[in-house]
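First, one chain by itself in structure tokens, the form predicted alone.
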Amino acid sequence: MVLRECAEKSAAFQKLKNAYTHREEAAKAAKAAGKKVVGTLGCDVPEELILAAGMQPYPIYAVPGGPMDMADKYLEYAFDPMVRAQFERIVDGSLNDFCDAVVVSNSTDVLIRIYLYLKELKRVETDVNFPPVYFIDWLFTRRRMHQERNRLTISLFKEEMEKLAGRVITDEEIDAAAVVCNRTRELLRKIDAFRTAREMKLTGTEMLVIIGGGFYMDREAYNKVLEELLEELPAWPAVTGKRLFYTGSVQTDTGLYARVEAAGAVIVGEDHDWGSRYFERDYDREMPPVRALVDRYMLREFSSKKAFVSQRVEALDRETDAAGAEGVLFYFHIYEEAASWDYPSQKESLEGRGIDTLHFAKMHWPQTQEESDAFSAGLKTLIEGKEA
């Protein structure tokens, strides 16, 4: 993690960095205080419902280079390596001390398979101990009929969370949670404006810490820290470098961003779910709660995993324009083919507008030495403005 001196000296940023680095602390503290903790897998689990039930969300993250004994035993190798590592953390008992349940959304096709594997494991392997698993089966198109189906899906998920919490979740509790979550997103958008401004005050690495730290904090405490940070940012020094937009595999740690920015670029935006896509759309408090939840999650900018090529082309064009990007880095893990299908059309559209591109696909996680060398060379070419 490469951070500037201004970030290292900021008390507010250090609170976020601590939460980002020590991700279990808030979950264990919540558990010790009598709260239930809900692990989430996938970007479309409505956090407002979990918070309204008085429970603590806990995004399940992957550890690069860790042991994969259980994943090797139960999964084929042709799974995205990051998802294999998340599966490992669920079934190897790592979550058992503090996590009461796991909720999987069908945000990607591979997560659907992970849910089915977990469900079958519960049935046939009685000696494998991990929390009970719930599933959210969204429809991702925006037709009215499908939105109606999603309202039923979220109503059923609400009932499951009520059983887990042992009580009814009221509309007033959902609204109160939505107020807090909307405030989080509002603050993050204001902070992100310092990254996308003509005179940049934030790096992509710093923004990843700011966003990701909040995943593992009490939400109201997180908002207070964001408010503190927002007051400091105007005095932070400007950042220079080629403005790059990142698209591709989710980045749950700062390693890749730090390498890009150490090479002389600045990541001014991204469309993965641990980045700026997280705070794109608010919960509409004028709507009934279930409808507001469906609209909040289904009407965000299109995910690379659940959209048509034409939608992804238009989305990336909008996002790069908004961020003032001069180049786009496409980066996909091995066995994560779906997002790479969009690349040829996206590249054509971007380069037709004078935006440079660099593409890496089928990358191991972590990278092999050969991949690392090629990545460094490609970055140098992209940053210097030559054809990549």
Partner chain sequence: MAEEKSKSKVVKKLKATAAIGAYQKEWFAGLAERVKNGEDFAYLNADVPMEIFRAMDIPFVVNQWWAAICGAKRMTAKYYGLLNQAGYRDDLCSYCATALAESLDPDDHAIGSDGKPLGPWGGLPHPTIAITRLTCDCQSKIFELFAKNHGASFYAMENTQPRKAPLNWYEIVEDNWEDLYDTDRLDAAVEELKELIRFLEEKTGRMFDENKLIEVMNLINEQEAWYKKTRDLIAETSPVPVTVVDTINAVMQAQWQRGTRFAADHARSLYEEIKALADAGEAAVPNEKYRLMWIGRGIWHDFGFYQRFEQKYGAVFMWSMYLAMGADSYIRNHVEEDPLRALAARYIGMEDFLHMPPWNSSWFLQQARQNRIDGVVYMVPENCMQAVEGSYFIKKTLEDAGIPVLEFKADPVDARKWNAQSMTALVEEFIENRVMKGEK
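All values derive from a computational prediction rather than experimental measurement. Residue numbers count along the first chain shown, from 1.
The form predicted together with the partner chain is left out here; the points below concern that form.
Here is the short version: of Thr240, Asn129, Ser310, Thr170, the single residue with a heavy atom within 4.5 Å of the partner chain in the predicted complex is Ser310. Scanning Val110, Ala177, Ala292, Leu233 against the partner chain in the predicted complex with a 4.5 Å heavy atom cut-off leaves one residue, Val110. Shown here without its partner, the chain carries Met145, Lys306 and Ser340, all of which come within 4.5 Å of the partner chain in the predicted complex through at least one heavy atom.
Here the chain stands alone, but in the predicted complex its contact with the partner chain, taken as any heavy atom within 4.5 Å, falls in 112-120 among 283-291, 216-224, 112-120, 193-201.
Interface residue remark: Asp137 is counted as part of the site for the partner chain in the predicted complex, having a heavy atom within 4.5 Å. Although the partner is absent here, Pro344 is a contact residue: one of its heavy atoms lies within 4.5 angstroms of the partner chain in the predicted complex. Residue contact check for Phe79: one or more of its heavy atoms lie within 4.5 Å of the partner chain in the predicted complex. Interface residue remark: Arg318 is not counted as part of the site for the partner chain in the predicted complex, having no heavy atom within 4.5 Å.
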